[in-house]
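Quick heads-up: it's one chain on its own, the form predicted alone, in structure tokens.
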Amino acid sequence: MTEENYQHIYVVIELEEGKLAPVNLEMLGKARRLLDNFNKKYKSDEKVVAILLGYNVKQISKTLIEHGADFVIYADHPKLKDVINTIYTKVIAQIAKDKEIATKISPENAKNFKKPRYMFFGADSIGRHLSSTVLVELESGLASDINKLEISDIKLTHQYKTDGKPVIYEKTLEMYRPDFSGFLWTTILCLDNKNPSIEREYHPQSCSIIPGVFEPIKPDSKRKGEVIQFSPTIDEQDLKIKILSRKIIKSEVDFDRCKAIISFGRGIKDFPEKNIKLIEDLAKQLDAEIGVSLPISKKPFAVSESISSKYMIPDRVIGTSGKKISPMLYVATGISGAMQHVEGMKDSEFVVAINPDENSPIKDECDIFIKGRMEDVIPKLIEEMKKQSLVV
């Protein structure tokens, strides 16, 4: 097999009520930066290709090109107005495997084209589902909820993949996400089987990308790109599914409007329910919203359903696997300070940390560090704040 079997980064664009979701421009920005380095390093000329599905959507292509796309492949059809996963999966897979499109993108290298080299999706409610079904259709692997990407050559010796022999995997997409602890990165690779007895290729190397992690590039109205219309084949069987009405449910938590945010982590462990109620009381005093570290969203502690469903949810996660915030006041209680969490709160103007371990990493990230257990510290803070309010 030659390297021309797999080319380009395909970025699947997602619309919200006909408008671009922010993660689309973030993915395009990261794809542009990756591929610029890729082309320079490997002396190649591969492209950033945006896949756009919808109805009356061609005009969006200009924005995608301004933000880094070399090509926009759009499928415009009334049945694509709303996302029906079965139809979208098949149309995206059709585009990904289409040799005619590959020829228009790169005529000199399209002879042996099979599928994209890399493929990006947004890690939201639609993208997580769509990415998994598309990659089943394309018979390759998927890494979900990624927040760091690199392309490199990797030397690997593996009992099954390489039959125990050292092999160089060129142009490998290294996909990173934080592990459950929040302190360590998990590296995910989508590698071909080089072992002759189980030889098989896995492309595209694909992932869903956490919103808010990567910066879009500065839009350039003078950027040149090409727009190609694709006529999809839609199975009559799939048209039996109809969307009668559609309503977008916004995030349960709006951190952007909050001047103060209090977050808690696994430090609640001794008295989970009691400690969360203490944090609620402190939040009321400060007129603050409540956030959590990533492990809390996995519901590691037994608490009442009312508490769990309100606070132990992904919408409240602050960090690279959640949201970036920039409040005037940020209070971190029972949070050790994993780099993934710090990345989400480092733009806060003033940071207070409550932690019994004076050697915890969060100490280096705060303006005031209160050494102590939250069970002891928070009641005293609340008491003092109540006294101050009476004085006023």
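Since this is a predicted model, take the numbers as computed values, not measurements. When you see a residue number, it is the position in the sequence shown, counting from 1. Rigid core: the largest C-alpha set superposing within 1.5 Å between the two forms.
Not on display, but discussed next: the form predicted together with a small molecule.
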May I ask whether 35, 46 and 205 all come within 4.5 angstroms of the small molecule in the model of the complex, judged by heavy atoms?
no
Contact flag, residue 338 vs the small molecule in the model of the complex, heavy atom cut 4.5 Å:
yes
Would you classify residue 356 as touching the small molecule in the model of the complex, given a 4.5 Å non-hydrogen atom cut-off?
yes
Using a 4.5 Å heavy atom cut-off, state whether residue 374 contacts the small molecule in the model of the complex.
yes
Give a yes/no on whether residue 175 approaches the small molecule to within 4.5 Å in the model of the complex, heavy atoms considered.
no
In the model of the complex, the residue from 145, 273, 98, 163 with a non-hydrogen atom within 4.5 Å of the small molecule is 145
Of the residues 80, 312, 294, 92, which one places a heavy atom within 4.5 Å of the small molecule in the model of the complex?
294
So which of 215-223, 312-320, 233-241, 102-110 is the stretch with heavy atoms within 4.5 Å of the small molecule in the model of the complex?
312-320
Compare the position of the CA of residue 47 between this form and the one not shown after a rigid core fit and state whether the shift reaches 2 Å.
no
Rigid core superposition, residue 268 Cα moves 2 angstroms or more between this form and the one not shown:
yes
Honestly, after the rigid core fit, is residue 334 moving at least 2 Å at Cα between this form and the one not shown?
yes
CA-CA separation of residue 22 and residue 339, closer or farther in the model of the complex than in the form shown [shift of 3 angstroms or more]:
closer
Inter-Cα distance between residue 17 and residue 320 in the model of the complex, nearer or further [3 Å or more]
closer
